[in-house]
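Below you'll find only one chain, the form predicted on its own, shown as structure tokens.
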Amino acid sequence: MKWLVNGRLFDGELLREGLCDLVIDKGRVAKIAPAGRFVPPEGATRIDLDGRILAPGFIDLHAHLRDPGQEWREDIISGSRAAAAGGFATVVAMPNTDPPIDRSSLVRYVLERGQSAGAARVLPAGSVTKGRHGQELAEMWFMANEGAAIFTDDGLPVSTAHLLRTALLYADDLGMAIMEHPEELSLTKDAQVNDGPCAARSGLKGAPKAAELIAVERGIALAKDTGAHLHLTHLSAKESLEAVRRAKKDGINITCDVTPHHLTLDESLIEKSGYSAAYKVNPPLRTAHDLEALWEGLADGTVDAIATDHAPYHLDEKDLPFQEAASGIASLECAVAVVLDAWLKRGKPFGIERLLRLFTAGPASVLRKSDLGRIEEGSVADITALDIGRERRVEAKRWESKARITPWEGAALCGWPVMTMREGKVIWVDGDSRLHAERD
């Protein structure tokens, strides 16, 4: 049993007035009350939050844990621990592994490996198509029954509109969503950067924003046609957000997420960095105007979640000339601070509740996990404690993740998670903070 005292409680929707105490028992929130209003339970471990925010355990909808088959980049255990160290109590593992997660036995493998890590909950995403080859639907029913949380061919779009439409109908019958990687591949072959000033000056092949928009519009049309839930991941372009905004106004069953890197980095940084591969990602970093459009999408509710798209690579695959390096940014352990720091430096452009919902109730809704993303008496005791005023530098050498290259290396960021709890168990605590907590 644990007794969390003096926390500012964000319950998934609202940041409550004053300080609160919580009792955690048997993995659930047993009691919530104003601070100091009840006698501490006998034998309970007291954790003093000293005014920090207590939020539902953060949920990352989109991370590459590379296991099975690419464990030199990351594995489920290191990825699960990295997620916990980043403030995430739940992380959704993408299925573009080797072999791809396209059958129930592999879904079970991911779940069991995640459980053995003793850190963040790992929810497997199942492939939409067998082998992610885009030819034939995977065994979605069997994967759903084994515990798959969502379906996606991420890394690739679902190859044809016919397959995507069929998958949407099938997933809808299962009460689940399809997560689509929006990219028209005929426009992005061999692309390295955004099709903009960086491409013009460097001679690198550019990926036009139209490649994303065409796929977004295809998805919207099919979601409208079927009524099924389509989630569009890692949107990067202003035009894509505008399309989603219009679709939502029309009542179409569409949700979307954006990443910390597209919210804080633009293509000009590639040139300023001397073409460092740390900035190479797909979809590419766009313009400053696109970046601003994503923040407008956060503010007006167009965006439903912030997802990391954590893409770890070994040094041999990333410490290379820009043209030769793999695409992907590793960020699980600094993503929350990256976004909070940017929100603070922008002068808090909208309320903290909206920002916190993008890490909690928003992704829980996409996954249709009503038991996650909220704190109330009886709810699962997944909790993230946040210190908005805490500043520290990003040091990848201290990461639980196997990745070591990130564009934020050395950056001093303000606003860090300081404790992560899953089902009442402390799975990570910031050893350098003043927080008094005990790891189970």
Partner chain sequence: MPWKRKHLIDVDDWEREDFELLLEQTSNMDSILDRSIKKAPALRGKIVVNIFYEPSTRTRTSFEIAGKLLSADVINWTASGSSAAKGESLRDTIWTLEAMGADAVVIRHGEVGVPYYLAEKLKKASVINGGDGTHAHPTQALLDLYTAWRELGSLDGKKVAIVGDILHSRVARSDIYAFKAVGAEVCLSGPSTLMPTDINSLNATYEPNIAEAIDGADVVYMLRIQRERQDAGLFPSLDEYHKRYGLTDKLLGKAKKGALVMHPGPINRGVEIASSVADGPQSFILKQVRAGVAVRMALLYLMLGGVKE
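Positions refer to the first chain, counted from 1. Predicted, not measured: the structure shown is a model, and the values here were computed from it.
A second form of this protein, the form predicted together with the partner chain, is not displayed here; the remarks below concern that form.
- A single residue from the set 367, 222, 199, 106 has any heavy atom within 4.5 angstroms of the partner chain in the predicted bound form; that residue is 199.
- Contact with the partner chain in the predicted bound form, judged by any heavy atom within 4.5 Å, is made by just one of 290, 257, 146, 195: 195.
- The partner chain is not drawn, but in the predicted bound form it has a heavy atom within 4.5 Å of residue 203.
- When contacts are judged by a 4.5 Å heavy atom cut-off, residue 275 counts as touching the partner chain in the predicted bound form.
- Interface membership of residue 72, defined by any non-hydrogen atom within 4.5 Å of the partner chain in the predicted bound form, is ruled out.
- Contact check for residue 141: no non-hydrogen atom falls within 4.5 Å of the partner chain in the predicted bound form.
- Exactly one of the stretches 232 to 240, 94 to 102, 80 to 88, 321 to 329 approaches the partner chain in the predicted bound form with heavy atoms within 4.5 Å, and it is 321 to 329.
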